[in-house]
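First, one chain by itself in structure tokens, the form predicted on its own.
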Amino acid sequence: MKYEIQVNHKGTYDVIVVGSGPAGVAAAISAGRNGSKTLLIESLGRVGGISTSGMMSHFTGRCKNKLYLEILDRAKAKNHYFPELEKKYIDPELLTLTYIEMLEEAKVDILLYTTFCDVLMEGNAVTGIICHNKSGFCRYDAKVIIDASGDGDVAEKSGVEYFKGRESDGKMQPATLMFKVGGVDTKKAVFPGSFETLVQTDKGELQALAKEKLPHPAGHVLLYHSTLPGIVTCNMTNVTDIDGTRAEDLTRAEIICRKQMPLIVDFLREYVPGYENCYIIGSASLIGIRETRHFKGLKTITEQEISAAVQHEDAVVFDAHFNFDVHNISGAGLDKTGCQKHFKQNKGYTIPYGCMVPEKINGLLLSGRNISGTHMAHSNFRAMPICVGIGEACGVAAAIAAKSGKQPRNVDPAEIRKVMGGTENG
């Protein structure tokens, strides 16, 4: 049976950003502030991606980036409930409003509940996208598309070369559904913030107890302050062997994690001080996918460069710092290749512009965890502050390209740095 699909042309832009996580929001704000007519599309009903819909607990890692610091300061200023808490902690509602305000100030058009479907191309250049929403299939044209979808959906449709997961076998980091519990006595509560944080209690050490008592592949304790008294954010559900580019796997991950949640609450009540009377008050509407596609750019950043704190001549992201946060690909806890508390390098590294530019495809930039990097390097630069830094650089580059008529690959990194305010953007 044959049928025709009507695709309505809805508009033409200088820059279109696909995906509104921290990398996408930053890219859209940056492009808009630099004079580009910009559209931001998002499949969910709110902006922010994993930082809001994903109910992320806090910004971890760092990046010397003015836009990131502005986001933190503006979100913090809205929090009148728990002002003494560090500004790195996230209130999803206040952060969503902060993003919206900044996008509107930058005159960015926002289109929610809209799913990217395909690309329009002329030769090896992306010239537009096809989306679907309640209005049907729609087409938008642009001079530059920024793929901030996390999984690189635009880049994949455009034919950019990629591999999934780790180089040796394609396996990817596990997925997590964040949730919050109320009723916590925070005066005596413990907050293990990493897999390597060991907490001794009358009933035993918590990480060891979790591995013994919780259903595999759950089995670790990660608990974080929230922006509200008595409420704690839990990063404790876990599901392995998930391919975040497949709807079937996403569905399975969602179901498994939701079944784990009440068992985790029972564990907290029984074994963790301060959580004796805790209960679930809410869960994320977006599953946390840590790793999928790694795309091939003009340059590829490696774990060796991160460990050596390399300062690239063509850098556009500065003082990026996190650890090798590789979650166990086959179970709970930290993978043997990763480290959190004991990451030795504290200098901060840079990210070259070429990591954001696909090797062979024009009209397209990569923003966020889908830039060109190795599996191990990705476990570091996927941290949200670094993704904001990548997004800001991509937004500036796209605005320069759109205004000058250049392809993104021909934009000078020195010009990007100049627009951002110097060689270190801060």
Ligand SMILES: Cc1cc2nc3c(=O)[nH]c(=O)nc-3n(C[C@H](O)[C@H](O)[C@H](O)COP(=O)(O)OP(=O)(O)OC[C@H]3O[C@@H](n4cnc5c(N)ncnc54)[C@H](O)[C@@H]3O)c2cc1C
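Since this is a predicted model, take the numbers as computed values, not measurements. Residues carry their position along the shown sequence, with the first being 1.
The protein also exists as the form predicted together with the ligand; that form is not presented, and the subsequent description refers to it.
- Taking non-hydrogen atoms only, Val18 approaches the ligand to within 4.5 angstroms in the model of the complex.
- Among heavy atoms of Thr114, some come within 4.5 Å of the ligand in the model of the complex.
- Contact check for Met384: a heavy atom falls within 4.5 Å of the ligand in the model of the complex.
- The closest non-hydrogen atom of Ala401 lies beyond 4.5 Å of the ligand in the model of the complex.
- The single contact residue among Thr292, Thr176, Gln207, Gln260, judged by any heavy atom lying within 4.5 Å of the ligand in the model of the complex, is Thr176.
- Checking 303-311, 281-289, 159-167, 180-188 against the ligand in the model of the complex, the stretch whose residues place heavy atoms within 4.5 Å of it is 281-289.
- Within 4.5 angstroms of the ligand in the model of the complex, the stretch 11-45 places a non-hydrogen atom from each of Val18, Gly19, Ser20, Gly21, Pro22, Ala23, Gly24, Ile41, Glu42, Ser43, Leu44, taken in sequence order.
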